[in-house]
Structures are given as structure tokens and as C-alpha cells.
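Here's a solo chain for you in C-alpha cells, the form predicted alone.
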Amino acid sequence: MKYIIAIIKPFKLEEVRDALGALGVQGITVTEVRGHGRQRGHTEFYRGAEYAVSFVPKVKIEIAVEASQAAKVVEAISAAAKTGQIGDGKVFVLPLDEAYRVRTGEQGVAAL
């Protein structure tokens, strides 16, 4: 099993969700987060005044999938989230040793 974490732009969430649904991914966790990468934030103008935005709003998506599905999920996220601009995001793939469903006690792939 693999644990996939994706950090993307908030307005791309629905496109990513649709792409994952088309692959049959059933469960995802979404969290609103703030951070910066290489760009170290950016500057904006509001009512004629310039101010720095140090942490950019992003969305973090967490998904647990079978190892055989991981490459397809990463490809779907990358394609759906891409704008071609700085700050499109990142995708991390981690090994997932075990998963348990609290309600039924199922474990492993059956718990996903």
C-alpha cells in the first residue's frame, strides 16, 4: 500500500477530485493549508498598497491506495492540478505498512 500526499492550488481541487473519482479512488482527506516553496510567497496590491504574502494558501490531499494504483493516482493528480505556473504543487508517495478500518476491524487493502 502507498500513502499519497499532494499539495495543490485550491481552485484545482474539484478537477483533481473528478480525476481521482474516474480512477475509482474512494476515500480522500482534504485539508486547507498555507505554505511556500521556492517562490517564498509573493506580493499583492490591495487598495493601492503593496503587501507581502509569506504563506500561500494551498490544499493538502491525502490518499491511501494499493501499491499497484499509486503511479496512476500520481499521474491523475499531476495532470489535473497542472496550470504551468509557479506553485502548482508537489506530490509525495510514502510506503504504508498497515491500515485498519475502525468500524469493522478490517485490515490491509480491505480497510482502504
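All residue numbers are counted from 1 along the displayed sequence. Computed from a predicted structure; not experimentally measured.
Another form exists, predicted together with another copy of the chain; not displayed. Remarks below refer to it.
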Is it the case that residue 95, even though its partner is missing from this view, gets within 4.5 Å of another copy of the chain in the predicted complex, heavy atoms only? yes
Though only this chain appears here, would residue 68 touch another copy of the chain in the predicted complex if you measure heavy atom gaps against 4.5 Å? no
Verify the contact flag for residue 23: yes if a non-hydrogen atom of it lies within 4.5 Å of a non-hydrogen atom of another copy of the chain in the predicted complex, no if not. no
Residues of 54-77 having any heavy atom within 4.5 Å of another copy of the chain in the predicted complex, listed in sequence order: 54, 55, 60, 62, 64, 74
